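Next up is one chain by itself, shown in structure tokens, the form predicted alone.
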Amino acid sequence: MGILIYGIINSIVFALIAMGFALVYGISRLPNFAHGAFYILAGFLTYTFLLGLGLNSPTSIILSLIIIAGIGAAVYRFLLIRIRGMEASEIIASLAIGLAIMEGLRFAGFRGKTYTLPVFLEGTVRIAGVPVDFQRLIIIGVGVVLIVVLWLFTHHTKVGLALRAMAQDEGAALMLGIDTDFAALIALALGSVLAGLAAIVILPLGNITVETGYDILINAIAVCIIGGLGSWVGAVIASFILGFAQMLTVYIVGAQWQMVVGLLAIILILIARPSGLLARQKELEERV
């Protein structure tokens, strides 16, 4: 039961981590390699507002997400828009931005394991005899709500439908009058917010370190490659595959092998099915 319950929690954590990366790539085909930097920057901003400036939690979270959204939009508007469609340049530029942000935080003094966000709610509850703290239950709730809200947003709002149209056929979206550059800007801002929100609910479980940003980027890429780049449903399924794989790895051989599972999964899926688990279903869905 412990493996089952904590496997589900771990899977939701993976889904939250990868959701922003999958959204940006699925809509604009931009591989946002600054995703991990936005994640860790949101954690440091929230820490600064909450414990450095003494603001309350809602204000700190809202300010952090607004800043992260603005940075994501600015990155697209002033840099990525100029190299869009040049895959290698997109990767190099977004990775350079991510490195600049994370190493800038290190240079600014955010070093060591002394920065921790407070949990939203203290205490634990037993589920089928397994103790689970309230923060992990909050992670499950936030993850489920985000998945539902994103589905409703992309299927029942004008902006969401425009983003889906761009994801399926950018040329057709342009002919229908959709500003695809603005849609890509919205996608990157929204993806940055999702990365920041994931950080705010996950980081209370541990310390805020610059190195975490690199781990988050690797995990997000692993989830999206396994699920199929551009497939949001595939990303959710891949999150559960990786989540349970890591829990079994910790149970059988030890926690130090967790990251190896993600990297090994990328290698195996690239060998067996380079397009990912649901790439074919995604292609058929786009044709329909």
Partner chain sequence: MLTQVGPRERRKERLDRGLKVRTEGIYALSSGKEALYLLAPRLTLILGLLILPLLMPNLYWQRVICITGVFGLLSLAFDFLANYVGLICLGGALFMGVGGYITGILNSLFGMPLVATIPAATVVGAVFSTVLLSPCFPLRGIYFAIVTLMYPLAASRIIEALDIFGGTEGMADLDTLPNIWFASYSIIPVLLVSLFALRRLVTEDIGLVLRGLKDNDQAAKASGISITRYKAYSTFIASAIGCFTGAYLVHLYGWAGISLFALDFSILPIAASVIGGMGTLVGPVLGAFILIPLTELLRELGTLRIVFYSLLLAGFIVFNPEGLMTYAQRKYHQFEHWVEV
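A quick note: this is a predicted structure, and the numbers were derived from the prediction, not measured. Numbering follows the first chain given and starts at 1.
Beyond the structure shown, there is the form predicted together with the partner chain, which is absent from this document and is the topic of what follows.
The stretch from 235-243, 251-259, 59-67, 36-44 that comes within 4.5 Å of the partner chain in the predicted complex, counting heavy atoms only, is 251-259.
Under a 4.5 angstroms non-hydrogen atom cutoff, the partner chain in the predicted complex has A93 among its neighbouring residues. Although the partner is absent from this view, I147 stays clear of the partner chain in the predicted complex, with no non-hydrogen atom inside 4.5 angstroms. For G104, a non-hydrogen atom is located within 4.5 Å of the partner chain in the predicted complex, even though that partner is not displayed. In the predicted complex, the partner chain sits within 4.5 Å of a heavy atom of I97. Checked against the partner chain in the predicted complex, the residues D169, D179, D133, E87 give one hit for a heavy atom within 4.5 Å, which is E87. Taking the partner chain as it sits in the predicted complex, the stretch 193-216 comes within 4.5 angstroms of it through a non-hydrogen atom at Y214, D215.
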